[in-house]
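Look below for two forms of one protein chain, each set out as structure tokens: first structure 1, then structure 2.
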Structure 1
């Protein structure tokens, strides 16, 4: 069927993609389909959340990777002619999106943050120049492919009892590439992308030991500690998994507190969806104050002890 297809390689992100797919499918007056990797039990869940059809991919043997699905998806797209294929912006998703786009000789919009229908064209927005500008990409050829970063859309809510069709796709051809082994990357800390309060440590801290003040504030507020790239990449004071910004993670807390953070655009891109942005910096001209809802101009070594004391008093 024509329509908007979603490649499901991550259950929670697939629900976000279904929200995106449903919004543009309505504008194009078409349906939504999910390409699901062998997990038939989830098919009805996705139908309940907006899919009209589910394409089931067969399981892969242990020495093969999800990239092997690319020719099967491309062949199905040639036959059924979807308007667009949406893929989560994970490392695996980006790989398969690029492979499918190459096989179909069509366009791919990476890190798409929003989509709309203008006439007969599908228009996608993505950040460029480190988040300083938004690029609009209009697709004339079909299908249009896009990778969408996590949390760009709210998850789709189920409507139990929806009816949909399930179709099985053929097994992928034998690949000339063999996976010799897989080794997961060990995470050294928590995932702060879902934290409701984020206390971010910047280069204004003079010593690694002083980060204890940021951790104490985060604990008092029931939040998590993040950092800017210099703190993780240059000083190695915190793991890179805590780096917030264009080349790190994006956070959407109810409260963001930047301490000693200058506020360069590469970092601000990662906090653009925070509900309240606050900052402590001794430089009154620091860029962070241009995006902050509230801020304190002062030396963090003078401000933080007073803030910690006030928070402890408030907590009783």
Structure 2
């Protein structure tokens, strides 16, 4: 019996969850199952990558959304009683996890940042107070549910010759929600989570065109540009996958340079593993300076042109 289930709304996240699941399956002396809605014909690939069982969800018509699977997943779990269900922490994943948890009347650790097995139980860490604290949680009911942020685990690799079972799950009941249209993202931008230098643009920039200066510095340093949540979500100057922090992504560069970034805890949470944190801000009391190794107190419109020419000079 597979006691750890994983569910993600896309293939690469499914592979990451398989790595996460394998890391606890041994300690809990159980197997791993994948709940699969996309690329159903790839069930054997997931078995090769560590699944002992695959549960196939029937495809949905175009006017239905993935959230409709919540009752099916909950019913399957009620019948088969897994120990844990790990769900990829995308927006769709977080919603489905909460709804499945409610249906099963069980606990959900949202945005889990680490997990381990203590004795025969799962223990998880997550952020609290925007990242000012780490909360350790234990589960008082089964199954234990958790959402896992994308890219927290390496994708699992295949071991050829593995065997596993494939089982169909029933079609979900009609829900009260109808999808009337879809718009894709404008374009996929680069993945900055592995960048060695990250230049982060904050709301201190007065207009979108001025971000060119951040871009130029990033180019000079061979790095990438990221941003704070207001820059992506309120101003829509950059795509949301470049938002760094609690609700965005985590970056671990050798150098982070925050420009016009105040340094609220929710943002700083996403740069905690940067080797060097630097910042340019005109307010000497901005919280970013308390969490920066090197801070320039000054107006970015005065500092950046100088910084650009100094970097050019340093490059020779």
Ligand SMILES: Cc1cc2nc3c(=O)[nH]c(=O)nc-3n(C[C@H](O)[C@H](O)[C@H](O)COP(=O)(O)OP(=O)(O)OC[C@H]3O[C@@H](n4cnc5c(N)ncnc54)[C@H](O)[C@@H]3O)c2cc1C
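Rigid core: the largest C-alpha set superposing within 1.5 Å between the two forms. Keep in mind that what you see is a predicted model, and the values were worked out from it rather than measured. Numbering follows the first chain given and starts at 1.
Trainee: Which of these two chains, shown alone, is the form predicted in complex with this ligand?
Mentor: Answer is structure 2, the other one does not fit.
Trainee: With the core lined up, does the C-alpha of residue 107 move 2 Å or more between the two structures?
Mentor: No; that C-alpha moves by less than 2 Å between the two structures.
Trainee: So, does residue 89 move by 2 Å or more at the CA between the two structures, with the core held fixed?
Mentor: The answer is no, as the C-alpha of residue 89 shifts between the two structures by less than 2 Å after core alignment.
Trainee: Quick check: residue 28 between the two structures - does its CA shift reach 2 Å or more after fitting the rigid core?
Mentor: No.
Trainee: Superposing on the core, what C-alpha displacement does residue 281 show between the two structures, in angstrom?
Mentor: Shift of residue 281 at C-alpha, rigid core superposed: 8.6 Å.
Trainee: When the rigid core is overlaid, by how much has the CA of residue 199 moved between the two structures, in Å to one decimal?
Mentor: Core-aligned C-alpha shift comes out at 3.3 Å.
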